[in-house]
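Subsequent text provides structure tokens for two forms of one protein chain, presented individually as structure 1 and structure 2.
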Structure 1
């Protein structure tokens, strides 16, 4: 089963929930944790894995053999991202703009284009206790997260429970991360910002056809609007974590809820059971 943990907005406690869920389930199932928040991967801070496998990821960008190239301009014509241009005597490539689609090299009539890998990030795998851990890390200064996310996801092992920590937002990196999940947990807080962003996240999951449920974090000093919204949209609120100075302090030191306050492990196992129920139910009657 693949469970992704997402939130419309950053800083709602997504990492706290993903890592606590992984730690709580590790004695019940083969657990894998994949940190797809490749712009700011933080899970490693909380579960302190031993990394034993590192792999560079990149984008295949064109290299033009000027001796063969006739400056016909076909490559520039087919490139949708203006990453290759022909200007008089020169063929210019702009590797930072290239999406690595392969169109130019395939369509060059002279076969003058080969590809070289441009590194944009790394994928790191290892173990934290019995948890299989993988994270992606976008190189600072690089713009495109999805290729790095795709590589992280290639390491998904569907035998046990795979937990995916998705990046914040609702745009393509999020879609890339949650695509293919059986369930998505949306972490939010009971504030107008939280509600606004939750609505966007819910719309994204609907679009992708992924069932979702809410974890309400920092409940206490907020308003009731998130709960009311979930009720009206028939989205289950599966767990509530109170606004609590102790939890905030543990978090600031890089300690998860499941580790810092072990009583919470039971809550997370309960959360997992509820998710399993929803997913099973849905598999029985997929038309719902």
Structure 2
């Protein structure tokens, strides 16, 4: 089963939930944790893996042989991202804008365009006790996270439970991270911003056809608005984590709920059981 953990906004406690879930399940199932928040991966702070494999990630960008190029402009016409342009006698390429689709080289009538790999990040893999761990790191200054995220997800092991820690928000990196998931946990907080961005995240999951449930973190004042919204959209609130100074202290020291307060492990196992029940029911009745 693939469970993605996402949030409409940053700072809701998404990483706390993802790592605590992984640690709680490690004695129950074969667990893999994939950190797809490649611009700022921090799951490693909490589970402290031993990294034993590193692989560069890149995308193919165009290289123009101006000796045979006729400056016909066909490459610029087909590039949806303005990564290549013809200006008089010059052909200009902008590698930072290139999405590596290959259309320019494929459609060049003179075959004057080849491709070379441009490194945009790395993926790192290892283990934290029995947990298989993979994270991506986007090179500072790079704008495109999806190619690195795709490489991280290539390491997904479908034999056990794969937990994907997605980036915050609802943009392309989030979509790339959560697509293909059996279930998405949306972590939110009882604030106006939290509720607003939860609505955006729910709309994204509905568009992708991914069933979802909510974890309400820092519960306290304002819970009713979030709960009322979830009830109106028939979205289950699967777990509530209170606003608690001890939890905040643990988090600030890089300690998850599952380790710092072992009683929470039972709660996270219960959370997994609820997700399994929802997914099984959906598989039995896919029209729902």
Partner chain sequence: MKEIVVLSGKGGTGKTSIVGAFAYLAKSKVMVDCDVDAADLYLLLQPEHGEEHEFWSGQTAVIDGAKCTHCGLCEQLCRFDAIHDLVVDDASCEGCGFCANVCPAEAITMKENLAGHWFISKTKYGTLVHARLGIAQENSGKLVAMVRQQAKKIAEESGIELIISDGPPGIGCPVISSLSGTDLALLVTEPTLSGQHDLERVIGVCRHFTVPALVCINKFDINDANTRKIEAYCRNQGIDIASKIPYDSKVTEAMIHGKTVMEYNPNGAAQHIEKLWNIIIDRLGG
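Owing to the predicted nature of the structure, the values given are computational and were not obtained by experimental measurement. If you superpose the two forms and keep the largest set of C-alpha atoms that fall within 1.5 Å, you have the rigid core. Residue numbers count along the first chain shown, from 1.
Taken from the form predicted in complex with its partner chain, structure 1 is distinct in origin from structure 2.
Shown in the overlay between structure 1 and structure 2, fitted on the rigid core, is a CA shift at residue 56 smaller than 2 Å. The two forms, fitted on the rigid core, differ between structure 1 and structure 2 by less than 2 Å at the CA of residue 180. With the core held fixed, residue 239 shows a CA shift below 2 Å between structure 1 and structure 2. Core fit done between structure 1 and structure 2; CA of residue 77 shifted by 2.8 Å.
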